[in-house]
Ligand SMILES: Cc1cc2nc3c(=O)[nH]c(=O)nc-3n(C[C@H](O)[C@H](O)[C@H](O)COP(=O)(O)OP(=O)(O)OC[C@H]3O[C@@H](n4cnc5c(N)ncnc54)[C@H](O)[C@@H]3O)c2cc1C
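Single chain ahead, written as structure tokens, the form predicted on its own.
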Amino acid sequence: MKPAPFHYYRADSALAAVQAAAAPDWNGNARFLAGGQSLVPALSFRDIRPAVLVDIMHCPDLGRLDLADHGLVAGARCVQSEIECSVASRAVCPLLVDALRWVALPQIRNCGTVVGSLAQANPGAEIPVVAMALNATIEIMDVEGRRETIDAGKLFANQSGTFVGPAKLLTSAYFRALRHNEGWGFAEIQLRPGHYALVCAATAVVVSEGRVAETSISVGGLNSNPYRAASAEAFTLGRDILTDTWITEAARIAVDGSPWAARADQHASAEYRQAMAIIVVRDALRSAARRAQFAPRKGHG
């Protein structure tokens, strides 16, 4: 199929982009175009029919990629491969880099943006799941140029889509750095290589004196939006890191505690997704626990 007719506007700054999207002519029906790797297919299938596309890929103020011990900041123009292929990015935020390698194909990652994936909130996207696991923060600009920061939990608090209203632009996202004695894990099941995740999970585990001191578990693909498995996280606290039995039980609790009903589509039933979600959470937790125990890092946090 072909997209429904739309207007096109090429912005030269973040503020110009937001103001163009807010113009009365569009009646609030505007979309921002970055890499377009999620947006363009939705346009082609006419899942969305915006009155105007505002292109932000020529806005110099949205191209930042800042790396430091405290974390990683990606501007709205920062493409996924720029982070994936960066040695410094892996040293700071290996969970994000591991997840990016599951995103579609290299050609897609050369165009698709990190922030764009957060904005599109595709049910099978990997980056929102990592954002939830690391409690990432997202900066948003309104038509007056005011900026606010919200965390990923609020961004994806709805059953589907994002918390962000029309004529607001996600300008950057911050992912915290891996901390001392913290391990990470990412696991996914795809229908085929390069396809969206049927289910995926991102985890982080902090170890103190051989026991779990802190855990983060985020599940994606099971519902229309990712979620943090708070009950499963609480269950893991104080567990012996060398004992594997608690991991399978934590995975079951994480899936049973989903805030919304499991989704079904042409690729998988709700029951299949639930069964596979337990497997990916288990595998991601196992990786995180192993890394926390045997590969502690120093210098963060």
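Remember, it's a predicted structure, so these values are computed and weren't measured experimentally. In this text, residue numbers run from 1 along the sequence as written.
There is another form of the same protein, the form predicted in complex with the named molecule; it is not shown, and what comes next is about it.
- Stretch 117-125 is the contacting one of 151-159, 117-125, 178-186, 223-231, since its residues have non-hydrogen atoms within 4.5 Å of the named molecule in the model of the complex.
- Contact with the named molecule in the model of the complex, defined as a heavy atom within 4.5 Å, holds for exactly one of Ile253, Ala51, Leu65, Leu33, namely Leu33.
- Residue-level contacts in the model of the complex: of Leu169, Val199, Val212, Ala136, one residue has a heavy atom within 4.5 Å of the named molecule, and it is Leu169.
- The closest non-hydrogen atom of Val97 lies beyond 4.5 Å of the named molecule in the model of the complex.
- By the criterion of a heavy atom within 4.5 Å, Leu43 is excluded from the residues contacting the named molecule in the model of the complex.
- Mapping the unseen interface onto this chain, Ser218 falls outside it, with no heavy atom inside 4.5 Å of the named molecule in the model of the complex.
- Taking the partner from elsewhere, Ala76 is found to have a heavy atom lying within 4.5 Å of the named molecule in the model of the complex.
- In the model of the complex, the named molecule lies within 4.5 angstroms of at least one heavy atom of each of the following residues of 68-105: Ala76, Gln80, Trp102, Val103, Ala104, in sequence order.
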